[in-house]
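Coming up is one lone chain in C-alpha cells, specifically the form predicted alone.
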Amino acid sequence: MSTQLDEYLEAEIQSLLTDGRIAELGITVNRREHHLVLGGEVESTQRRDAICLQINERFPDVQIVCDIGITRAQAPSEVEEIS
C-alpha cells in the first residue's frame, strides 16, 4: 500500500512535529513530486536525527528528505560593527 502525498499527509506530519513528543514549531513540511521535505533549523544534530527518525518510523511508506539545518549555538567570535 502506497501513501498518497497530499495536503492531508502534510498536515498530519506538521501536527506530529508540533505535538508534545517532538514539539518543534520551526520545522516545515514541503511536498515535492515523489517525496516530502522537512526543513528548518534545530539546536543539534542529535535533535535533527531524532525528529527525522520519528517521522520516518511513523510514515515508513513515504520518502522523506530531512533538510533540517543546525542553528549556531555558540556566541559569535567577532564583534559586529554597525555603521
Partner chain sequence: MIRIAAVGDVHVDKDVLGRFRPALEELPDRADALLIAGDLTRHGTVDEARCFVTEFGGLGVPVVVVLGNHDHQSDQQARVTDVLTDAGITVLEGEATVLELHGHRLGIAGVKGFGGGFAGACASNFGEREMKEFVGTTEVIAQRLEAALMSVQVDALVALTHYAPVPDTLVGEPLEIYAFLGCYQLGRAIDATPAALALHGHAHHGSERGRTPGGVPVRNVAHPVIKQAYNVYQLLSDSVDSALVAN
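Remember, it's a predicted structure, so these values are computed and weren't measured experimentally. Numbering follows the first chain given and starts at 1.
What follows is about the form predicted together with its partner chain, which we do not show.
Not displayed here, its partner chain is approached by E80 to within 4.5 Å at the level of heavy atoms in the predicted complex. Though the partner is left out of this view, N30 does not reach within 4.5 Å of its partner chain in the predicted complex, counting heavy atoms only. Although the partner is absent here, N56 is not a contact residue: none of its heavy atoms lies within 4.5 angstroms of its partner chain in the predicted complex. Its partner chain is not drawn, but in the predicted complex it has a heavy atom within 4.5 Å of G20.
Contact residues in stretch 57-71 (any heavy atom within 4.5 Å of its partner chain, taken in the predicted complex) are I70, T71.
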